[in-house]
Every structure is written in C-alpha cells, then in structure tokens.
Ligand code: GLA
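Next up is one chain by itself, shown in structure tokens, the form predicted on its own.
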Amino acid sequence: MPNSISIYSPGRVNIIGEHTDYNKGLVLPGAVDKSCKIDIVLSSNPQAFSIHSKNLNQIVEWNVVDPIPETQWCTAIFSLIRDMTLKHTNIKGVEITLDSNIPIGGGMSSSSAILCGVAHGLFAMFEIFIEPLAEVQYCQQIEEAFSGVRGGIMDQLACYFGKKDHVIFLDCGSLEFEYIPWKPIGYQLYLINTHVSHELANSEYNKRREECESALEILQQHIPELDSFSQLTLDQLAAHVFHLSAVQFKRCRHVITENQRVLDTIKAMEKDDFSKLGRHLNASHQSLRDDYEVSCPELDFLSDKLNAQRGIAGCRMMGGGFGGCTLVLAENASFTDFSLVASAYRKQFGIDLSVYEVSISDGLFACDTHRNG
C-alpha cells in the first residue's frame, strides 16, 4: 500500500441535455481543462483525518470518533470519508490537500470533482477495487444524500470518464455511453457566471423532478410499456394531453424536445456545423425558460444580449437553473470580447460577470495518478 497518492479530478461542462439526466434521458457532457489536485498522505494516527484547502488557506481536522465538523466547505468530504470508513474498515487516517483551479460556483461542478477525486484516491491508496461505474454511482449517491438535491449521474460520470477532445453521449436510463469527437474548429466554448443563485434553486429543482415523475406515472397508466420520456414522442404526448395538468404537459414537452436536441446536436457536430449547434443551444434555453421554467431574469438578459452580439453562434443556461452559468459558443473569426455584454449586465444588475474559456479534456481515470511509498 502506498504512503501517498495524488489525483487530478476535473470539472465538467454539459453541451446540451439539461434536466434530462434524472428523467432517464440523453445528455452530452465532457470533462474540462480545469481540475482539482488532491494529495493524500497517510496519517500517523489511524483515526485522524484532516483536509487542507490551499484555495481557502484553511485546515480542518477530524477524528472518526467525533461528530463531523459543521464547516460548509469540508462537511461533504468528511461525510464521504465517514461512509467509506464504515464500509471499508481498512481505510485509515489521512491528510488531504486540495488545490483547485476549478472556479467555485463557476458551473463546472467543482463539488463533484472534489468528492469523486477524494473517493477515487482513497480507493486507490487502500487498494480497494470497485467497478468503475459502481464507483461513479457511489459518488452520485453520496452527493445526493448530502446536498438533498435529487440530481442525476451526469456530473460524476463526466468527471470520471471524460476524454480529451470528445464529449460523452450518455443515455441516463441505461447508463450506456459513447464518445463523440469534439472538434469545433474556428469556435470556442465559454462559461459566463451570473454570480446569482436564487434561494428557490434547490427546492424548485426537486419540484421539477417530482412533476416529471408524477406525469410519467399518469402516462404509464395509458402506455404501460413506457419506461421514460426517451420512449415518448410529441404526438403521443399530445394524444394524452387531457390526462395531464398544463404544468406537467410543459415539463414533459421540454424533456422530449431536449432529448431530440441532443441527437440533433450530435448530427450537427458530425457535419462540423457549429452554426446549427448554436441554434440548438438557443432552442434549449428557450425551452428551459418557457417549458421547464428554471431560468431567471439574469440568465435571460444574458441570452438576449449575447445573441445580439456578432460572432455568437448560440448560448443557453446550464445547470439546475435560477442562476449559475450561461454556456456560450463563439466564432473566433468574428467574435471580439464580452465587454459590451458585461457592461450592460453590470448596469442592469450591479454585478460583475466572470468569463471562463473552457476546453474538453480528460477525465479522472485518464488524468495522471502519482503514487509514492
């Protein structure tokens, strides 16, 4: 068993397929070129664990016989460690150092990257073999239990299985996936952080899931073979419209059309038609705004201002909604910068935007892992 190990765990971006993962739908994520370096060193005390965040310049210590410290940035990590030590008694005390260049709150799932990296590092260090997909599912379950948000598996799977210059075409129902080449020659991806997070984000996220689940149960009474919205067409939905509330109908319509937009986006990528891909991003935002109702004034303002800019192929809100980030695809030849949009946003909301250029990179399994001892 090594005395120390280092793990590089990346953030992720989702090209398209929003709020479809927990509906057993289609998504198109990829790992990004920003990651958290996680150094794990064996402690002299088998019951003692510590986490040092270089970004926050803080160290928090914890003994397994004590309650978990109620410190926001490290509580989820200690909760993960406690669960792992209960399941695997050979895991002993370690000192963990985190050094991340994933923007916190930047829409790249920094929390998933850290939890996945710590879990994978401990499994590797203490030589506990877990099937790769089972490890991904375990991390997803831990994060859901801690956060209380009933999310899907997309974030964790993209973190683990990401591949440089490829996005992951994932069926969240079967968990089957394939790599699709990502070669946007002449185009660049950006994430723009609105720096707002409205309080209803988590509660409304869970509410959307409940609305979809109840709608599916109603539809299954009339279409017994129906397992998910991926098997449902718009014509079938229209035929059963009177069995659903107006809200349920809109939620279903978003999931069905968003699944189709994932397929259409892949076709556009295969033809190197990134102008059309941009239009799919715009259509996704409109559906998330109007049918799924998870946007907010700040995200809609950005969408309108960006699409009025020369050289913007398309954009959409990304993530749970009610704040967070906008994903932007820009054409290098004609796009200049975001200064006009940033100025208008500051004037409207009194908030400065953060802009991140991102590239599709390798996931946790492909990143370097260093062992010592």
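Residue indices: 1-based, along the sequence shown. Values in this document were obtained by computation on a predicted structure and should not be read as measured data.
The form predicted in complex with the named molecule is left out here; the points below concern that form.
Interface residue among Ala76, Val262, Ile91, Ile153, judged by heavy atoms within 4.5 Å of the named molecule in the predicted complex: Ile153. The three residues Arg12, Glu18 and Gly320 all sit with a heavy atom within 4.5 Å of the named molecule in the predicted complex. By the criterion of a heavy atom within 4.5 Å, Phe177 is excluded from the residues contacting the named molecule in the predicted complex. Contact check for Tyr22: a non-hydrogen atom falls within 4.5 Å of the named molecule in the predicted complex.
Proximity of Tyr205 to the named molecule in the predicted complex falls within the 4.5 Å heavy atom cutoff. Shown alone, this chain has one stretch from 179-187, 145-153, 119-127, 220-228 that lies within 4.5 Å of the named molecule in the predicted complex by heavy atoms: 145-153.
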